[in-house]
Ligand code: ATP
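Read the single chain below, which is given as structure tokens and is the form predicted on its own.
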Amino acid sequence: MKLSGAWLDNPATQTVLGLLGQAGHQAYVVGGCVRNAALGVDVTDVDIATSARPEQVMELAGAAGLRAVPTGLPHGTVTLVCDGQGFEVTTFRRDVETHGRHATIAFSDDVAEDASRRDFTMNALYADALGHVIDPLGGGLADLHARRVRFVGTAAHRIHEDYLRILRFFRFHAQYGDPARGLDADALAACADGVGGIDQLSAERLGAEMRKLLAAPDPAPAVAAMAQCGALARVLPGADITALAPLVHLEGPAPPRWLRRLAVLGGATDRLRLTRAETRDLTRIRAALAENPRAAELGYRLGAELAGDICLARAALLGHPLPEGWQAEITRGAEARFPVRARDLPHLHGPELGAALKALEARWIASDFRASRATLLG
């Protein structure tokens, strides 16, 4: 198989690959860029694997006038900056000893040894500067074309190295797997056996994976499998998957919003490190779901985007169809402007003024935004 595309033909990419190759070292683009290009998915980051040792990479970069940043020298990674673009260049590695996420590694000259320490077969693919794909372990290309997410080697061993791979397995299935195929049975069994290890993971890592998983086009089958094997309860205690598939159906072609999907799952989010903005919006969604305000009022109070999240989530949770014209109602509310201002009540000040404005606003909302300024002040 031969890949092509602007990401590979990019002069900066070719410069870095050529820098290493012309010095007699093996150099390949690797991992996500190869996987995505082969699947016709946008390529964002381009990582490079090489037989050159880190100090050799830095020496070559210096001689060529490229900036070299020692971002992970103990792990063999140097970031080269070419034409303003950063490329992580990592020396082939093999595991000497594994102890959780942090392994003792040794540098290698064998691309197959490097491939054997990666997580999934579809990520253990390499390509040279001309785009020719190399599958050192065999089976990676077949798995990729079949959209089959399979661990490299023994699933239990890969999971024991890093328990975050349990979540990555479900996330990769949601993003790249074939929904009709289902999940790999051996991998599912290994995930079920290893769910206790999720408790060792940081909130930052769990949150990052859940964001990506719930942002997939249809995460419902993968999340259902997570629940079945016990992984979901470790991440979102008390979560209920019942409304997730109906929500995805109701969303239709709308861009997926991971926080909306998190809201319908429910459960405690203590194991996720949410930002302040995410916590605020999740709280607003859950509060509105409990209070059940009209679509137009939601649009006015919270804006069109968050109001849309709430209407979709409410319909999914209740098992009801979306009411006709719901989006127009949200827009109407979002564009409505309360006609009374503080200057209209010059005789009031401080808390009394605030209370009066709030009461008038409530009357105006109850009138479906129709009461005029004169009516409200009369």
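Because the structure is a prediction, the values reported are computed rather than measured. The first residue of the shown sequence is 1; numbering continues from there.
In what follows, reference is made to the form predicted in complex with the ligand, a form of this protein that is not presented.
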In the model of the complex, the residue from Arg294, Arg117, Arg301, Arg211 with a non-hydrogen atom within 4.5 Å of the ligand is Arg117
Looking in the model of the complex, any heavy atom of Gly32 within 4.5 Å of the ligand?
-> yes
Flag Asn123 as yes or no: does it have a non-hydrogen atom within 4.5 angstroms of any non-hydrogen atom of the ligand in the model of the complex?
-> yes
With the partner left out of view, is Arg168 within 4.5 angstroms of the ligand in the model of the complex by any non-hydrogen atom?
-> yes
Do Asp193 and the ligand share at least one heavy atom pair within 4.5 Å in the model of the complex?
-> no
Can we say Asp199, Asp240 and Trp258 each have a non-hydrogen atom within 4.5 Å of the ligand in the model of the complex?
-> no
Thinking of the ligand in the model of the complex, which stretch from 141-149, 170-178, 279-287, 304-312 has heavy atoms inside 4.5 Å of it?
-> 170-178
Neighbours of the ligand in the model of the complex among 229-250 [non-hydrogen atom within 4.5 angstroms] | none
